[in-house]
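Starting off, we have a lone chain in the form predicted alone, written out as structure tokens.
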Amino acid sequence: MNSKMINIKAPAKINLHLEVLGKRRDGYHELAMVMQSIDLADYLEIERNDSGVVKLFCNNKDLDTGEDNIIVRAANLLKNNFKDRLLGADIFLKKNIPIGAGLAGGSTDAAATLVGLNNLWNLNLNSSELHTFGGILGSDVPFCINGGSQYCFGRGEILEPFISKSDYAIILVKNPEVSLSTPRIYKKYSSAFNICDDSFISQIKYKRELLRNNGFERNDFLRNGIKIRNDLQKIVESECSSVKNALSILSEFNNNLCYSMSGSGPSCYAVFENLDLAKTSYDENYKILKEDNFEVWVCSFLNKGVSII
């Protein structure tokens, strides 16, 4: 490996379960989730420079590459904790994950930046330290570092990995003209369902255990043992016609095991037993998906998150 350059794969995620338990005093929502990495990924090429400056370049001209970009923020977060060193980097992002899609595109890019720069800058941060930095940047970032299949609790930073059957695959759809703000969706959910007190606290332990016993570790998709749930779907589906349409279309696909919206939307997916069945279903339904103006990806489940390539 070139000691001055590193290449990172940054996979997207879907939510196989997203349950809002309540709103915490710190302003975040208490969540019980199952997240799953999928083989749709951004790629980062990071080259160390001696200028002490972090610069970001991207193939997607719609993406802001300035100081507010989460990649730049991740790099500067590390820099500011090692002020005794002259740390700089040129970061080239190949953006494949759609923006504002509920797929953790920004979070996985931040995770890739932390992992890549930790290696390239020889910072020697351990996994726990990387997760702490990730939690500062966003609730999904710690998950994206290791990825795979994980229960995610708290605001998303409490992680419990488990082994999932690796053959599952999805058809993922999104209207390219629609993107949604995650904070706005959570705010609307809180308002609609009056999520504003601490009455949920006594239920946290029970709800977490209920999710652990829901069948994900036993791969019960095939026996219909898993009931897919996304609480935010109640809000998004009622106000976003593309989500309602996507779910309706996916529900009719042959051999789909379940279907749902991911995260705060508007991406939706259907799960299949394996990649061949997913590809066959895509071929059977290609025309209707294109007629309804959906971008489509056929992706397998991944057993890891960010990786050096």
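Remember, predicted model here, so these are calculated numbers, not experimental data. Note that residue numbering follows the sequence shown and begins at 1.
What comes next is about the form predicted together with a small molecule, which is not displayed.
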item: Candidate stretches 21 to 29, 295 to 303, 281 to 289, 6 to 14 - the one whose heavy atoms come within 4.5 Å of the small molecule in the predicted bound form; value: 21 to 29
item: Residue among K207, R155, K79, K188 with a heavy atom within 4.5 Å of the small molecule in the predicted bound form; value: R155
item: Candidate from N119, S164, N214, S139 lying within 4.5 Å of the small molecule in the predicted bound form - any heavy atom; value: S139
item: N175, heavy atom within 4.5 angstroms of the small molecule in the predicted bound form; value: no
item: In the predicted bound form, T182 touching the small molecule (heavy atom, 4.5 Å); value: yes
